[in-house]
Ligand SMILES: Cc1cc2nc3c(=O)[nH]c(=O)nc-3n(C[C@H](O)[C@H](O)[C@H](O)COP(=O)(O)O)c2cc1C
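A lone chain, given as C-alpha cells: the form predicted on its own.
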C-alpha cells in the first residue's frame, strides 16, 4: 500500500482549532530533590480504570520534563474557578505576592484548596512529538465536593455556567 505524505498543518491554526475543545486546568507537581516543582497543564486525561491510570503531556523544553523521570511520581491538583492566579503563576507568568499553600500526600506537594487531588506513581513514558506523555498509576485520590472548576477554552480562562435545573451544582 502506497503511503501519501501528510499535508502541512499550520501550527497557529492547529492551536486555534484545538482551542475549541474546553479543558479543565491542573497543576502537576513533583519533588526535585527536596524542592516542590509545579507546572500548569490542561493536557491531562484518564487512561484506564483497571488499573487506574492517568496521563499528563509535558513539553520537552520544560523543567518538569527532566524532573518527572527522576522523581518517579507526581501529583495532580484539579483547580477550582478561583485558582486562576495559581494557574498563571505555574504556567510561566509569576504572580507577585502570591502565597502558595501545599498539602502533602504520599510525599508529594498538592495545591491546597483544589477541587480534587491525585497522587501517581510513574509507570510509563512515551515521546510524542515536542511533548512527552507521562502515565501514572493513581495511588490516592480525593475530591472536595461541588466547587466550580477552572476551565480553559479558546486561549482564555472560563467559568462553568450553571443551568437553573442543574441541581448537582447548588452551592
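Because the structure is a prediction, the values reported are computed rather than measured. Residue numbers count along the first chain shown, from 1.
Absent from the display: the form predicted together with the ligand. The rest refers to it.
query = Within 4.5 Å of the ligand in the predicted bound form, do 36, 68 and 105 each have at least one heavy atom?
reply = No: none of 36, 68 and 105 comes within 4.5 Å of the ligand in the predicted bound form.
Heavy atom contact within 4.5 Å of the ligand in the predicted bound form, the stretch among 137 to 145, 121 to 129, 56 to 64, 108 to 116 = The contacting stretch here is 56 to 64.
request  = Check whether residue 30 has any heavy atom within 4.5 Å of a heavy atom of the ligand in the predicted bound form, and answer yes or no.
outcome  = Taking the distances in the predicted bound form, the answer for residue 30 is no, it never comes within 4.5 Å of the ligand.
key: residue 90 within 4.5 Å of the ligand in the predicted bound form, heavy atoms   = Flag for residue 90 set to yes.
message = Since only the chain is shown here, I'm wondering whether residue 157 would be in contact with the ligand in the predicted bound form (any heavy atom pair within 4.5 Å).
response = Yes.
The ligand contact at residue 47 in the predicted bound form, heavy atom, 4.5 Å = No, residue 47 sits far enough from the ligand in the predicted bound form that none of its heavy atoms falls within 4.5 Å.
task = Sequence order please: the residues of 40 to 57 with a heavy atom within 4.5 Å of the ligand in the predicted bound form.
result = 40, 41, 42, 43, 57 sit within 4.5 Å of the partner.
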